[in-house]
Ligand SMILES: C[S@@+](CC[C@H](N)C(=O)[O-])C[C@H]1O[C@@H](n2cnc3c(N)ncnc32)[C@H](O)[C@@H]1O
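Take a look at this single chain, the form predicted alone, given in C-alpha coordinates.
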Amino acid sequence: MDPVDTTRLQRLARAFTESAVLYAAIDLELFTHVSAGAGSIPDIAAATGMSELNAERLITVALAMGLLRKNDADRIVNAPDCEKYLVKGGPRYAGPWMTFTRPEVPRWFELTEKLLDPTPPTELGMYDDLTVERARSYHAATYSIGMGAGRRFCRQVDLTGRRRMMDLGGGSGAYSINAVQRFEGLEAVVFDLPPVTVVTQEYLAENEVTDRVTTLGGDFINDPLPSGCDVAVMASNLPIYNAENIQKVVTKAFEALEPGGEMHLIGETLDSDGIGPLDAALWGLAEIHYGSGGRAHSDAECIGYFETAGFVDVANHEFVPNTLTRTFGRKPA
(Lines give C-alpha, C1' and ligand atoms only; values in the text may rest on other atoms or scores of the structure.)
Protein backbone atom coordinates (compact mmCIF):
# COMPACT_ATOMS: atom_id res chain seq x y z
CA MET A 1 0.00 0.00 0.00
CA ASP A 2 1.26 3.47 -0.89
CA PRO A 3 1.96 5.67 2.12
CA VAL A 4 -0.64 8.32 2.92
CA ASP A 5 0.63 11.85 3.44
CA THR A 6 -0.56 15.45 3.11
CA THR A 7 1.01 16.21 -0.27
CA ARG A 8 -2.23 16.18 -2.26
CA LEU A 9 -4.10 18.18 0.37
CA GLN A 10 -1.34 20.79 0.55
CA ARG A 11 -1.45 21.19 -3.23
CA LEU A 12 -5.20 21.77 -3.10
CA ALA A 13 -4.84 24.25 -0.25
CA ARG A 14 -2.42 26.34 -2.34
CA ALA A 15 -4.08 25.87 -5.73
CA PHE A 16 -5.15 29.51 -5.78
CA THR A 17 -1.51 30.52 -6.12
CA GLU A 18 -1.31 28.83 -9.54
CA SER A 19 -4.33 30.81 -10.73
CA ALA A 20 -2.63 34.00 -9.52
CA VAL A 21 0.50 33.16 -11.51
CA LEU A 22 -1.51 32.62 -14.69
CA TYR A 23 -3.40 35.89 -14.21
CA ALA A 24 -0.17 37.81 -13.62
CA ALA A 25 1.46 36.26 -16.69
CA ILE A 26 -1.52 37.34 -18.81
CA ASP A 27 -1.50 40.84 -17.27
CA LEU A 28 2.20 41.23 -18.08
CA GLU A 29 1.72 39.78 -21.58
CA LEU A 30 4.45 37.29 -20.73
CA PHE A 31 3.49 34.83 -23.46
CA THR A 32 3.26 37.60 -26.05
CA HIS A 33 6.78 38.79 -25.25
CA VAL A 34 8.18 35.25 -25.25
CA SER A 35 6.53 34.57 -28.61
CA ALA A 36 8.18 37.73 -29.96
CA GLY A 37 11.62 36.44 -28.96
CA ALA A 38 12.17 37.32 -25.30
CA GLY A 39 13.85 34.03 -24.38
CA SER A 40 15.90 34.80 -21.26
CA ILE A 41 15.30 36.29 -17.85
CA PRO A 42 16.95 39.63 -18.79
CA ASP A 43 14.92 39.75 -22.02
CA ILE A 44 11.66 39.11 -20.21
CA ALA A 45 12.47 41.54 -17.42
CA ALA A 46 13.13 44.29 -19.95
CA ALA A 47 10.02 43.51 -22.01
CA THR A 48 7.63 43.38 -19.05
CA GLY A 49 9.12 46.04 -16.80
CA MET A 50 9.88 43.60 -13.97
CA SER A 51 13.14 43.49 -12.10
CA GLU A 52 15.33 40.54 -13.04
CA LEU A 53 14.72 39.04 -9.59
CA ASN A 54 10.95 39.15 -10.03
CA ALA A 55 11.22 37.92 -13.62
CA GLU A 56 13.26 34.96 -12.36
CA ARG A 57 10.66 34.23 -9.67
CA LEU A 58 7.77 34.27 -12.14
CA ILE A 59 9.57 32.31 -14.85
CA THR A 60 10.69 29.63 -12.39
CA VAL A 61 7.07 28.96 -11.45
CA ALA A 62 5.79 29.23 -15.04
CA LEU A 63 8.38 26.63 -16.07
CA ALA A 64 7.35 24.36 -13.20
CA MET A 65 3.68 24.73 -14.16
CA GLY A 66 4.43 23.86 -17.76
CA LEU A 67 3.34 27.24 -19.07
CA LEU A 68 6.85 27.87 -20.38
CA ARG A 69 9.53 25.47 -21.62
CA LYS A 70 13.18 25.58 -22.60
CA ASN A 71 14.24 24.65 -26.11
CA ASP A 72 17.41 22.90 -27.22
CA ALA A 73 19.27 26.20 -27.18
CA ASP A 74 18.22 26.74 -23.53
CA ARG A 75 15.95 29.60 -24.59
CA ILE A 76 12.57 30.11 -22.89
CA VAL A 77 9.60 29.37 -25.17
CA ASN A 78 5.86 29.07 -24.69
CA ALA A 79 4.11 25.76 -24.14
CA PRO A 80 2.03 24.92 -27.25
CA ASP A 81 -1.33 25.87 -25.69
CA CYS A 82 0.04 29.18 -24.39
CA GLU A 83 1.51 29.95 -27.80
CA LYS A 84 -1.82 29.23 -29.49
CA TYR A 85 -4.20 30.91 -27.06
CA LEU A 86 -2.31 33.43 -24.91
CA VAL A 87 -0.31 35.46 -27.43
CA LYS A 88 -2.08 38.80 -27.65
CA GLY A 89 -3.07 39.72 -31.17
CA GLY A 90 -3.12 36.10 -32.27
CA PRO A 91 -6.20 34.83 -34.15
CA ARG A 92 -7.26 32.61 -31.23
CA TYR A 93 -6.23 34.80 -28.30
CA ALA A 94 -8.26 33.71 -25.27
CA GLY A 95 -6.87 35.93 -22.54
CA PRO A 96 -10.27 37.52 -21.78
CA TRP A 97 -11.82 34.08 -21.36
CA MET A 98 -9.03 32.83 -19.08
CA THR A 99 -9.49 35.83 -16.80
CA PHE A 100 -13.29 35.93 -17.12
CA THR A 101 -13.90 34.38 -13.68
CA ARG A 102 -11.13 36.35 -11.99
CA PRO A 103 -13.55 38.80 -10.29
CA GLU A 104 -15.22 35.80 -8.66
CA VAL A 105 -12.11 34.79 -6.69
CA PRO A 106 -13.21 36.51 -3.45
CA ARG A 107 -16.64 34.84 -3.70
CA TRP A 108 -15.09 31.37 -3.76
CA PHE A 109 -13.48 32.08 -0.40
CA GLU A 110 -16.98 32.80 0.95
CA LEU A 111 -18.23 29.40 -0.17
CA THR A 112 -18.90 28.10 3.34
CA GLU A 113 -21.32 30.92 4.08
CA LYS A 114 -23.04 30.52 0.72
CA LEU A 115 -23.51 26.79 1.19
CA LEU A 116 -25.34 27.56 4.43
CA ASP A 117 -27.41 30.43 2.97
CA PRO A 118 -31.13 29.42 2.94
CA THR A 119 -32.09 31.98 0.24
CA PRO A 120 -34.07 30.18 -2.51
CA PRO A 121 -32.47 30.24 -5.97
CA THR A 122 -33.95 32.12 -8.92
CA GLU A 123 -34.67 30.69 -12.35
CA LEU A 124 -32.10 32.70 -14.32
CA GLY A 125 -29.48 33.48 -11.69
CA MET A 126 -26.86 35.81 -13.18
CA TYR A 127 -29.18 36.54 -16.11
CA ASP A 128 -31.84 38.17 -13.94
CA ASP A 129 -32.00 41.90 -14.78
CA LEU A 130 -29.43 41.47 -17.55
CA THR A 131 -28.46 44.67 -19.36
CA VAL A 132 -27.02 45.12 -22.85
CA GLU A 133 -23.74 46.36 -21.40
CA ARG A 134 -23.38 43.33 -19.13
CA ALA A 135 -24.18 41.08 -22.06
CA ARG A 136 -21.60 42.87 -24.20
CA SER A 137 -18.93 42.48 -21.49
CA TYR A 138 -19.76 38.79 -21.04
CA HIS A 139 -19.54 37.97 -24.73
CA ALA A 140 -16.37 40.00 -25.22
CA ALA A 141 -14.79 37.43 -22.91
CA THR A 142 -16.49 34.35 -24.33
CA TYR A 143 -16.56 35.11 -28.08
CA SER A 144 -13.15 33.71 -29.02
CA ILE A 145 -13.68 30.42 -27.17
CA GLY A 146 -17.22 30.25 -28.56
CA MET A 147 -16.00 30.58 -32.13
CA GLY A 148 -13.57 27.74 -31.50
CA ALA A 149 -16.41 25.58 -30.20
CA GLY A 150 -18.54 26.54 -33.21
CA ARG A 151 -15.79 25.43 -35.60
CA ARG A 152 -15.43 22.16 -33.70
CA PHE A 153 -19.18 21.56 -33.89
CA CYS A 154 -19.15 21.99 -37.67
CA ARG A 155 -16.28 19.52 -37.98
CA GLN A 156 -18.14 16.92 -35.91
CA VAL A 157 -21.69 17.36 -37.21
CA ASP A 158 -22.73 17.26 -40.87
CA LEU A 159 -25.65 19.64 -41.43
CA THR A 160 -25.63 19.25 -45.21
CA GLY A 161 -29.18 19.54 -46.47
CA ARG A 162 -30.55 21.11 -43.30
CA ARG A 163 -32.51 24.32 -43.83
CA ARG A 164 -32.87 26.25 -40.56
CA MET A 165 -31.20 25.97 -37.16
CA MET A 166 -32.46 27.33 -33.85
CA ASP A 167 -29.53 28.31 -31.63
CA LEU A 168 -30.97 28.28 -28.09
CA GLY A 169 -29.15 30.65 -25.75
CA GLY A 170 -26.78 31.26 -28.65
CA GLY A 171 -25.18 34.39 -27.18
CA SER A 172 -22.66 35.79 -29.65
CA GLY A 173 -24.06 33.51 -32.36
CA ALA A 174 -20.76 31.64 -32.68
CA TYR A 175 -22.37 28.30 -33.54
CA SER A 176 -24.75 29.90 -36.05
CA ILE A 177 -22.01 31.97 -37.67
CA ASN A 178 -19.83 28.93 -38.25
CA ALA A 179 -22.73 26.72 -39.34
CA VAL A 180 -24.06 29.03 -42.07
CA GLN A 181 -20.55 29.70 -43.32
CA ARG A 182 -19.82 25.98 -43.51
CA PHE A 183 -23.10 24.57 -44.88
CA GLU A 184 -24.58 25.97 -48.07
CA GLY A 185 -28.26 26.84 -47.90
CA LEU A 186 -28.45 26.74 -44.09
CA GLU A 187 -30.01 29.62 -42.19
CA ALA A 188 -30.15 30.11 -38.42
CA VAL A 189 -31.99 32.02 -35.72
CA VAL A 190 -30.31 32.85 -32.42
CA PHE A 191 -32.88 32.74 -29.61
CA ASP A 192 -31.69 34.47 -26.45
CA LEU A 193 -32.70 37.07 -23.90
CA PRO A 194 -33.51 40.44 -25.53
CA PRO A 195 -30.43 42.29 -24.18
CA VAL A 196 -28.21 39.50 -25.50
CA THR A 197 -29.66 39.63 -29.01
CA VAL A 198 -28.57 43.27 -29.30
CA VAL A 199 -24.98 42.07 -28.86
CA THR A 200 -25.57 39.04 -31.09
CA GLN A 201 -26.47 41.34 -33.97
CA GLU A 202 -23.13 43.11 -33.58
CA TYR A 203 -21.23 39.83 -34.01
CA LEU A 204 -23.42 38.76 -36.92
CA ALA A 205 -22.63 42.05 -38.68
CA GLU A 206 -18.93 41.68 -37.93
CA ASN A 207 -18.97 38.24 -39.57
CA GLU A 208 -21.18 39.40 -42.49
CA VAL A 209 -23.90 36.80 -41.94
CA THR A 210 -26.91 39.02 -41.21
CA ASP A 211 -28.54 37.80 -44.43
CA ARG A 212 -28.49 34.21 -43.12
CA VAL A 213 -28.71 34.53 -39.33
CA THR A 214 -31.49 36.39 -37.51
CA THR A 215 -32.19 36.90 -33.82
CA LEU A 216 -35.28 36.44 -31.68
CA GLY A 217 -35.47 37.78 -28.14
CA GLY A 218 -37.08 35.66 -25.45
CA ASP A 219 -36.68 33.24 -22.57
CA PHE A 220 -36.43 29.71 -23.94
CA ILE A 221 -37.81 28.22 -20.72
CA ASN A 222 -41.10 30.13 -20.80
CA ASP A 223 -41.54 31.60 -24.31
CA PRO A 224 -42.42 29.83 -27.57
CA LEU A 225 -39.44 28.61 -29.59
CA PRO A 226 -38.82 29.48 -33.25
CA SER A 227 -40.77 27.43 -35.79
CA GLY A 228 -39.75 25.97 -39.13
CA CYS A 229 -36.41 24.64 -37.85
CA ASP A 230 -34.94 21.21 -38.57
CA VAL A 231 -31.91 21.60 -36.26
CA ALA A 232 -31.74 22.74 -32.63
CA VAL A 233 -28.51 23.52 -30.78
CA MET A 234 -28.23 24.38 -27.09
CA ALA A 235 -24.62 24.91 -26.07
CA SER A 236 -22.69 25.90 -22.97
CA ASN A 237 -25.57 26.75 -20.65
CA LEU A 238 -26.40 23.33 -19.20
CA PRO A 239 -25.26 23.95 -15.57
CA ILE A 240 -27.28 27.15 -15.33
CA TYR A 241 -30.55 25.23 -15.01
CA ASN A 242 -32.06 22.50 -12.86
CA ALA A 243 -33.27 19.18 -14.25
CA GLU A 244 -36.88 20.34 -14.55
CA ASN A 245 -35.98 23.29 -16.77
CA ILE A 246 -33.56 21.33 -18.94
CA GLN A 247 -36.28 18.75 -19.51
CA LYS A 248 -38.74 21.53 -20.32
CA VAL A 249 -36.44 23.10 -22.94
CA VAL A 250 -35.56 19.77 -24.58
CA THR A 251 -39.26 18.86 -24.77
CA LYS A 252 -40.15 22.26 -26.24
CA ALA A 253 -37.38 21.87 -28.81
CA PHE A 254 -38.71 18.43 -29.77
CA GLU A 255 -42.20 19.84 -30.26
CA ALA A 256 -40.95 22.85 -32.26
CA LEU A 257 -38.65 20.91 -34.60
CA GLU A 258 -39.81 19.78 -38.01
CA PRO A 259 -40.34 15.98 -38.37
CA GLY A 260 -36.97 14.33 -38.92
CA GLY A 261 -35.16 17.23 -37.25
CA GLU A 262 -32.25 16.84 -34.84
CA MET A 263 -31.10 18.38 -31.56
CA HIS A 264 -27.64 18.77 -30.09
CA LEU A 265 -27.17 19.64 -26.40
CA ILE A 266 -23.57 20.57 -25.67
CA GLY A 267 -22.53 21.03 -22.07
CA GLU A 268 -20.33 20.11 -19.15
CA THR A 269 -21.57 16.70 -18.02
CA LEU A 270 -20.66 14.34 -15.22
CA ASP A 271 -19.96 10.70 -15.97
CA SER A 272 -22.95 8.39 -15.56
CA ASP A 273 -21.80 7.41 -12.05
CA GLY A 274 -21.75 11.08 -11.05
CA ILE A 275 -18.03 11.00 -10.18
CA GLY A 276 -16.28 13.70 -12.20
CA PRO A 277 -14.96 15.13 -14.37
CA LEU A 278 -14.00 17.85 -11.94
CA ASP A 279 -14.61 20.65 -14.44
CA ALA A 280 -18.28 19.71 -14.85
CA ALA A 281 -18.72 19.40 -11.09
CA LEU A 282 -17.20 22.83 -10.49
CA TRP A 283 -19.39 24.53 -13.13
CA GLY A 284 -22.40 23.16 -11.28
CA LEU A 285 -21.12 24.42 -7.95
CA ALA A 286 -20.30 27.83 -9.45
CA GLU A 287 -24.01 28.50 -9.86
CA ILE A 288 -24.18 29.08 -6.10
CA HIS A 289 -22.42 32.40 -6.74
CA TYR A 290 -25.04 33.46 -9.29
CA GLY A 291 -28.08 32.55 -7.22
CA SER A 292 -29.54 30.15 -9.79
CA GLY A 293 -31.00 26.69 -9.23
CA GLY A 294 -28.50 25.19 -11.67
CA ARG A 295 -26.34 22.17 -10.95
CA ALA A 296 -24.12 19.62 -12.67
CA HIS A 297 -25.97 17.11 -14.88
CA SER A 298 -24.70 13.65 -15.83
CA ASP A 299 -24.46 12.30 -19.35
CA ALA A 300 -27.02 9.65 -18.35
CA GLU A 301 -29.43 12.40 -17.27
CA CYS A 302 -29.01 14.12 -20.64
CA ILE A 303 -29.89 10.88 -22.41
CA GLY A 304 -32.99 10.74 -20.20
CA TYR A 305 -34.05 14.30 -21.05
CA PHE A 306 -33.97 13.46 -24.76
CA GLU A 307 -35.73 10.12 -24.49
CA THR A 308 -38.44 11.55 -22.26
CA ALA A 309 -39.07 14.30 -24.82
CA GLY A 310 -39.54 11.69 -27.58
CA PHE A 311 -36.23 11.82 -29.42
CA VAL A 312 -34.87 8.62 -30.97
CA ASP A 313 -31.33 7.48 -31.84
CA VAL A 314 -30.24 9.29 -28.68
CA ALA A 315 -26.54 9.12 -27.92
CA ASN A 316 -23.73 10.98 -26.18
CA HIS A 317 -20.64 12.00 -28.12
CA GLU A 318 -17.39 13.39 -26.72
CA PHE A 319 -17.13 17.04 -27.74
CA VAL A 320 -14.10 18.25 -25.78
CA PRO A 321 -12.38 15.46 -23.81
CA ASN A 322 -13.12 15.62 -20.07
CA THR A 323 -14.85 18.96 -20.59
CA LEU A 324 -17.89 18.92 -22.87
CA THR A 325 -20.32 16.24 -24.10
CA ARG A 326 -22.66 16.52 -27.07
CA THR A 327 -26.00 14.76 -26.62
CA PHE A 328 -27.79 14.01 -29.90
CA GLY A 329 -31.37 13.03 -30.67
CA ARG A 330 -33.58 12.84 -33.76
CA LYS A 331 -37.28 13.60 -34.01
CA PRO A 332 -39.05 10.81 -35.89
CA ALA A 333 -40.11 11.75 -39.44
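Quick note: we count residues from 1 along the sequence shown, nothing fancier. Predicted, not measured: the structure shown is a model, and the values here were computed from it.
We do not show the form predicted together with the ligand, though everything after this point is about it.
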**OP:** Would you mind picking the one in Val250, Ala232, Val196, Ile177 that has a heavy atom within 4.5 Å of the ligand in the model of the complex?
**Re:** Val196
**OP:** With the ligand left out of view, choose which of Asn78, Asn207, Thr142, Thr214 has a non-hydrogen atom within 4.5 angstroms of it in the model of the complex.
**Re:** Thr142
Original post:
Out of 106-114, 257-265, 81-89, 188-196, where are the residues with a heavy atom within 4.5 Å of the ligand in the model of the complex?
Top reply: 188-196
Subject >> Non-hydrogen atom within 4.5 angstroms of the ligand in the model of the complex for each of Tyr138, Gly218 and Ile221 >> reply: yes
Original post:
Is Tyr127 close enough to the ligand in the model of the complex to count, meaning some heavy atom within 4.5 Å?
Top reply: yes
**OP:** Please run the contact check for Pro226 against the ligand in the model of the complex: heavy atoms, 4.5 angstroms, yes or no?
**Re:** no
Original post:
Taking 4.5 angstroms as the cut-off for heavy atoms, does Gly146 touch the ligand in the model of the complex?
Top reply: yes
Subject >> the ligand contact at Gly169 in the model of the complex, heavy atom, 4.5 Å >> reply: yes
Original post:
Which residues, if any, of 229-256 lie within 4.5 Å of the ligand in the model of the complex when only heavy atoms count?
Top reply: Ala235, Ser236, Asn237, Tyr241
